[in-house]
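Quick setup: one chain, the form predicted alone, written in structure tokens, and binding and motion questions come after.
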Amino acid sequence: MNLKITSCLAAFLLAGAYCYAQSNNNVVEDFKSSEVNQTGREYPMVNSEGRVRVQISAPNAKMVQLDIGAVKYDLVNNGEGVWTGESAPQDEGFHYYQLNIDGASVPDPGSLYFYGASRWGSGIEVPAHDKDFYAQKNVPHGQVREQIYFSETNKNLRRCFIYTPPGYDNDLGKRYPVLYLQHGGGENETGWSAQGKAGLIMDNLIAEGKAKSFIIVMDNGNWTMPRPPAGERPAPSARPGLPSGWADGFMKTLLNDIIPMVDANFRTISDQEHRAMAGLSMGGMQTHAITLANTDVFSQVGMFSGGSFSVEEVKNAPGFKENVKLVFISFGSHELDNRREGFGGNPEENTKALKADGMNAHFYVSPKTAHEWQSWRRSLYQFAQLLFK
């Protein structure tokens, strides 16, 4: 009897392994552990095709899935409660993902955790052909400092992260320009230094002599949709789906709290000529609203996957054309493949029109990426080389 049970169990396990192998016979088996795994963890893994393979022990689970890129992939149980499976090939760069166990979405215990999609969850790096520009190298490094401050506008304590370039603490007489750099929706002030690798990008650019040294301020720009009075609808804005004045809260915090705090505590060059603002997605839209309304505060502007400036908007913003010395607009190529019309029209055509109108306007397309961090890392890399020159 025991022999029969053992034989049946062995046959079941072999059948399961055979089915898993058959379903994956087109997968290149050169998987390596992700560079953002927790210490000592073998999984998750990535192969040369960009497929992500995960594995988790969940003996009592009925179904386990890998959820990445808005697609769920079923994992296979080896018969002993260990579930394994992989995704289709993913774009190069960083991706958020999670596991779905019997309908509950949970982080993968094998990966480091990152804040995105309004939660702390798993992330993975699909090695990019151009990853050298954000690689950790033996060059002089700056610091990413955690800064806690009190906001009079919001009557609460807030936190931001501030990048200071290599040598900041050596020459105490030197002052620096400042870039205020904003994250996207569902992310927070940790995004640009963790997922975006902003500090490493700057360290490498400065070491190669490709960028000026400047300070970067990364704050939390999240906001909540205000509820209109009963029976009323929110007034429309120039941004579809957003109420009028949607960016005002962060704008007040930035102008009244963040900038004064940074100028008081760091060696900044505190004038419009040496102050820039940029952001990705929602942060780009905030940049759009704030810089149009404050042409005496920022001289250089970047929007990554967040729309563009039309000539009409610039004409209706007194001082923008005269005071703003650089406009930089970027998108991932897959974003443009899917949508040529952004907020306010075609972003590439808008940028060409600004340039034809005499502005220093640049348009950049990240090859073979979508609305994701590799697009924004590349955008910062390009934008930083143009700043404060």
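Just count from 1 along the sequence shown to find any residue number. Note that the coordinates shown come from a computational prediction; the quantities given were computed from them, not determined experimentally.
The same protein has a further form, the form predicted in complex with another copy of the chain, not shown here; the description that follows concerns it.
- Taken together, the three residues N60, G103 and K137 all lie with some non-hydrogen atom within 4.5 angstroms of another copy of the chain in the predicted bound form.
- At least one heavy atom of P109 is located within 4.5 Å of another copy of the chain in the predicted bound form.
- Using a 4.5 Å cutoff between non-hydrogen atoms, N170 counts as a contact of another copy of the chain in the predicted bound form.
- Contact annotation for I56: at least one heavy atom lies within 4.5 Å of another copy of the chain in the predicted bound form.
- By the criterion of a heavy atom within 4.5 Å, F266 is counted among the residues contacting another copy of the chain in the predicted bound form.
- The candidate stretches are 72 to 80, 170 to 178, 313 to 321, 126 to 134, and the one lying within 4.5 Å of another copy of the chain in the predicted bound form by heavy atoms is 170 to 178.
- Though another copy of the chain is absent from this view, in the predicted bound form it lies within 4.5 Å of a heavy atom of just one residue from Q272, Q147, S213, Q90, which is Q147.
- The partner is absent here, but in the predicted bound form a heavy atom of Q38, alone among Q38, S333, S33, S48, sits within 4.5 Å of another copy of the chain.
- For the stretch 106 to 126, the set of residues having any non-hydrogen atom within 4.5 angstroms of another copy of the chain in the predicted bound form comprises V106, P107, P109, L112, Y113, Y115, S118, R119, W120, in sequence order.
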